[in-house]
Ligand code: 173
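In the block that follows, a single chain appears as structure tokens, in the form predicted on its own.
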Amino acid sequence: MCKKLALGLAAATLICSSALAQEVTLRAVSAFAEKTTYSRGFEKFIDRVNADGKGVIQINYIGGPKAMPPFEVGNALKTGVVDIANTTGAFTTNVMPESDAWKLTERPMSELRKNGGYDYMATIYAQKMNAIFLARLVDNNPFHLYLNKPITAPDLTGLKIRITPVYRDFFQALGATVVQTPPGEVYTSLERGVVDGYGWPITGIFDLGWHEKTKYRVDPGFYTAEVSVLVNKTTWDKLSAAQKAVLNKAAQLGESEATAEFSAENAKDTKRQADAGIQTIKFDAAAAESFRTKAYQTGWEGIIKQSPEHGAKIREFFSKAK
């Protein structure tokens, strides 16, 4: 009887151990088109996880906006429709208004992880989006205003500009009429004259064909793009230490590469735009300073208005002392 009991316990232990070690597959989506600038870092992350995580954890990449509209990704992650998302704060403000503050960071992620900024934001993600902020894969990547009509000063009166929440407050403060659309609708909007321009980072317009319908880029740049990997918190809490370690390793590598990679990408696409015939509109020193000051002033005013509870504190972490 004792021998049978011992064998039964051993078998039960083996079954439990096998279950604990079972490979887990997570569903992932990107808010950006596959194999374009703002999905490539995520796709590299997935490749690393799937290579290092064989037998432990794998990621099933279901795709970009063709699989799920960009502005639906935040809620899909929160509710567990997907387990992992590659998205930006501009697309998740419907779930967490504070996420748009990433554009205003004047400090690299390495510094935010030390000064408490990352921890503060991570707590809000957990509370409001049921998400773990795993890593930022796009950094050091300034936004610009692109136009089909020339301007001589920071005044957009009479112009219709395509936006996401990133630029709404800023472009409205400059007098623009703003139109919010997903990236997939921008080309047609430019072609049909629905908009006279758009905001977008220095990189990525060639991926989407927008260079064909763009005549001018306004310098200087402002803000910085943010695209990050988020994990559904309910999913994360169920993962083993080994599974979390695979995800963290791939995420840390991607985040550490982001600043240098985008420095090179920024320079490459700046030249490529010039070669494609996109002219640069440069303001004089005083107007350029006014342009950037207005960008950050209106940006923070918008964040603090949307989140009186957290906005001012986030600014302390994200802004450089003047």
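All residue numbers are counted from 1 along the displayed sequence. None of the values given here were measured: they were computed from a predicted structure.
The next section is about a form of this same protein that is not shown, the form predicted together with the ligand.
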> Thinking of the ligand in the predicted complex, which stretch from 189 to 197, 114 to 122, 229 to 237, 164 to 172 has heavy atoms inside 4.5 Å of it?
Replying inline: 164 to 172
> Taking 4.5 angstroms as the cut-off for heavy atoms, does F143 touch the ligand in the predicted complex?
Replying inline: yes
>> Is it the case that Y38, even though its partner is missing from this view, gets within 4.5 Å of the ligand in the predicted complex, heavy atoms only?
In response: yes
> How about F32: is it within 4.5 Å of the ligand in the predicted complex, going by heavy atoms?
Replying inline: yes
> Is W102 close to the ligand in the predicted complex, meaning a heavy atom pair under 4.5 Å apart or at it?
Replying inline: no
> Since exactly one of G221, P154, P97, P183 fits, which has a heavy atom within 4.5 Å of the ligand in the predicted complex?
Replying inline: P183
> Of the residues L77, L137, A176, A225, which one places a heavy atom within 4.5 Å of the ligand in the predicted complex?
Replying inline: A225
>> Residue by residue through 67 to 88, which ones have a non-hydrogen atom no more than 4.5 angstroms from the ligand in the predicted complex?
In response: T88
